[in-house]
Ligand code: DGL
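What follows is a single chain, given as structure tokens, in the form predicted alone.
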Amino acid sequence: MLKNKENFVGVFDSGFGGINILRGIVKKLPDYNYFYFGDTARTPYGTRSKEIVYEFTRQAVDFMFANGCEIIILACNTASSSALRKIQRKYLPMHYPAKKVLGVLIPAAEEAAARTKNKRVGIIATEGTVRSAVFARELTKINPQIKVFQNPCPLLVPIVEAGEQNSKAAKLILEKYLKPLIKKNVDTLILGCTHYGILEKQIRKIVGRSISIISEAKVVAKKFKDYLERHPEVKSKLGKDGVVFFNSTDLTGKFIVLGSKFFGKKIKARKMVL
């Protein structure tokens, strides 16, 4: 536990991908204090049951609030799809009525709904997120006319974490995942996993310029800024020293290397035990 409570904006992910979300938020709102927590010892979440994902996410929420976070962003699509609703509706009112936990799915869905012209939206995501059908639910809630086409992409996270995003193998795998969605005539594509932002340039080359790509790292930062403007009671509690702390349940050289790549500059990190 930290000695000083710094009134952090907390950003949680099962691994490294959420650092890409954090990067976008820090770029947009550099003055606040940030606490990143990656549960790298138990990643990936995408292939786990909904019950286990909820339990792991709940433990992370407890830990982050105990370490000075005022608000937490679940920068993990699997956690957002499998755990967020239960945490917001049941867990927070009982245990942390003054705290907030947000997700990344709804901002992405709202952006996609606003951009699509032909009402055909594609999703690439982990197996867990696709299985939950949460993107389809949120998109059709916004506009019932939207048709959603999803494709689970289990090989993309390992490719990114191996640093092979620019390889020929990555291109072939991306083509395999994206071509069925292109054939469905989607005009908007949601990158439904935080890791996929690293692959955006490669994805753009395959889908062309006619398809809008929704990258959560860009969308979430904008939506979070808007959220704070609408909620001054939350904004007023946040520390403004411009510090960023990185924490992981399994601190390895890989976390430093990939974390630095995702954040855009060299990071330092600490190992934390839940």
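Bear in mind that the values here come from a model prediction, so they are computed numbers and not experimental data. In this text, residue numbers run from 1 along the sequence as written.
A second form of this protein, the form predicted together with the named molecule, is not displayed here; the remarks below concern that form.
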Though the named molecule is not shown, can you say which of Phe37, Tyr45, Tyr34, Phe224 has a heavy atom within 4.5 Å of it in the predicted complex?
-> Tyr45
Among Leu189, Ile198, Val101, Cys193, just one has a heavy atom within 4.5 Å of the named molecule in the predicted complex, namely Cys193
Looking at the partner-bound form in the predicted complex, is Val157 within 4.5 Å of the named molecule by any heavy atom?
-> yes
Can you check whether Ser82 is within 4.5 Å of the named molecule in the predicted complex, heavy atom basis?
-> no
Contact label in the predicted complex: Thr116 to the named molecule, heavy atom within 4.5 Å = no
Out of 164-172, 198-206, 179-187, 126-134, where are the residues with a heavy atom within 4.5 Å of the named molecule in the predicted complex?
-> 126-134
For the heavy atom contacts within 4.5 Å of the named molecule in the predicted complex, list the residues of 14-35 involved, in sequence order.
-> Ser14
